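In structure tokens, one chain follows: the form predicted on its own.
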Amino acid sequence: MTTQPIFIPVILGTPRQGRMSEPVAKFVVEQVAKRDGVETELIDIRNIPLPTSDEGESIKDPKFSETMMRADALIIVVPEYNHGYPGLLKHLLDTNLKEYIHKAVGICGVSAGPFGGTRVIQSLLPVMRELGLVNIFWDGNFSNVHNIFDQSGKLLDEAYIRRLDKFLQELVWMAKVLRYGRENIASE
């Protein structure tokens, strides 16, 4: 098995101004970066030029595509908007397909209410499957997000460190297993 670090980028799934999912995404990146043998980076969809005049591979951003190809797993930090996910996130995800095959994904739902983005996570699960990603069975739920971080983005509730640790343990394990499979077992 390769000794190359596992690469897990974190996608911040909304371009909205004043987004409370941004401190969550930064917190997730910090926690991933602390793990031995794991590399990460933040991908902010706000910074990806994404035309809306076409779809799919014809509007693929080369840098995003290259990052997805290199990734062993993904973390998507996504706010719940009216029980769903942001359209721009779906638009971006749909620009790639082969880049995702047999890679792990973990979803962190963010909401201002008490359910921690549960509905957005449920909405995204069939999309992840259709893209060829393998969902882990832990979710990151950030409910009442205004109470978790202060105005500067500092974490106020230390319990989220332990919660995210379980999520990351499962994601890293799955990323290693799937990398082994991609590198050593022929797909028929």
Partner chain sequence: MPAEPMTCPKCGIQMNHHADKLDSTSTAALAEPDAVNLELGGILNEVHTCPSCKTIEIRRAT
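Values in this document were obtained by computation on a predicted structure and should not be read as measured data. Residue numbers count along the first chain shown, from 1.
Form predicted in complex with its partner chain: not shown, discussed below.
State yes or no: in the predicted bound form, is some non-hydrogen atom of His83 no more than 4.5 angstroms from a non-hydrogen atom of its partner chain?
Residue-level check for His83: no, no contact with its partner chain.
Is there a non-hydrogen atom of Glu41 within 4.5 angstroms of a non-hydrogen atom of its partner chain in the predicted bound form?
Answer no; every heavy atom of Glu41 is more than 4.5 Å from its partner chain in the predicted bound form.
Find out whether any non-hydrogen atom of Asp54 is located within 4.5 angstroms of its partner chain in the predicted bound form, and reply yes or no.
No, Asp54 sits far enough from its partner chain in the predicted bound form that none of its heavy atoms falls within 4.5 Å.
Does any part of Arg179 reach within 4.5 Å of its partner chain in the predicted bound form? Heavy atoms only, please.
Yes, contact at 4.5 Å.
Pick the stretch from 124 to 132, 41 to 49, 26 to 34, 149 to 157 whose residues have a heavy atom within 4.5 Å of its partner chain in the predicted bound form.
Selected range: 124 to 132.
For a quick check, can you give me the residues of 163 to 188 that have a heavy atom within 4.5 Å of its partner chain in the predicted bound form?
Heavy-atom contacts within 4.5 Å come from Arg179, Gly181, Arg182, Glu183, Asn184, Ile185, Ala186, Ser187.
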